[in-house]
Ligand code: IPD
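Consider the single chain below, provided in structure tokens and representing the form predicted on its own.
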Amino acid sequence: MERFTLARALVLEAGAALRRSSLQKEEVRYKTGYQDLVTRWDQETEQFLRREILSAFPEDAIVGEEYPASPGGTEGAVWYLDPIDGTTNFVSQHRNYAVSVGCWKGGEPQFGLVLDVEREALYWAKAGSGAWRDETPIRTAPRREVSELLLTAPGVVNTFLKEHPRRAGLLRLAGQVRGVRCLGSVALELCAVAAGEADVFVTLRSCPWDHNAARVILTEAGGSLCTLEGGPLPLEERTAVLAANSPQVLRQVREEFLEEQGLTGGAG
């Protein structure tokens, strides 16, 4: 079985189990604080994904949210797993959360899958083959004027309310776009840009397992991503992420709203 076929089957199986799940209060714990949650379902889902992937591809490496990275062989691929992207939503709403699986090899994307669990909508892309939601091709929106754009940001407090060097520029951006939305899931919000349901995405904090699957989907759909400094998005590091429906919009947003903060560089 090829990696993509296995990944698709595992993501769908994990999603079905999460839809059937029930959660007791004692099964929710704090990681770094009361706004950073983990549940037994995060852990069990990642254990399931790791076990099945390594059983089929023992030379591959795994980087996941809940457990230390599993080193692979020199010829293997690297998988990025987020068993529940949007754990707070899973706990409080039981919707707007995702299973996210991305695969890269030699620093190059192979595929990404993001399952909107409760909607049973699977976003996916293979490198060089376009982006899809279930069996329907998706593309980013053609909107280009700032006043037409919809901005999505999963971390409203950190992005707009707390002081940081880029806050003034991001507040100006928020005031000039058509609207600002927050879903609370990096993967699903990047997929919203890929599907033309939003146009700009920003977060000050994202981990490889949060975005490395969705970034494949977004770029295959015609979108573009970079750091807030305008550099290429790192593969293995925690980073801020700026994304847009096209390289043109990404460049415009960065130049008009972020470069005045003393940022330089070229869009990735």
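Given the structure is predicted, the values throughout are model-derived calculations rather than measurements. Each residue number is its position in the shown sequence, starting from 1.
Below, we refer to the form predicted in complex with this ligand, which is not included among the displayed structures.
Per-stretch contact check against this ligand in the model of the complex, the hit in 127-135, 152-160, 113-121, 169-177 (non-hydrogen atom, 4.5 angstroms):
After filtering at 4.5 Å, what remains is 152-160.
Touches this ligand in the model of the complex: residue 194 (any heavy atom, 4.5 Å)
Outside the cut-off, so no.
Give a yes/no on whether residue 140 approaches this ligand to within 4.5 Å in the model of the complex, heavy atoms considered.
No, residue 140 is distant from the partner.
How about residue 186 - does it come within 4.5 Å of this ligand in the model of the complex, if we only consider non-hydrogen atoms?
Contact with this ligand, yes.
Would you classify residue 198 as touching this ligand in the model of the complex, given a 4.5 Å non-hydrogen atom cut-off?
So residue 198 does not count as contacting this ligand.
If we check this ligand in the model of the complex, which of the residues in 209-235 reach within 4.5 angstroms of it by a non-hydrogen atom?
Only 210 sits within 4.5 Å of the partner.
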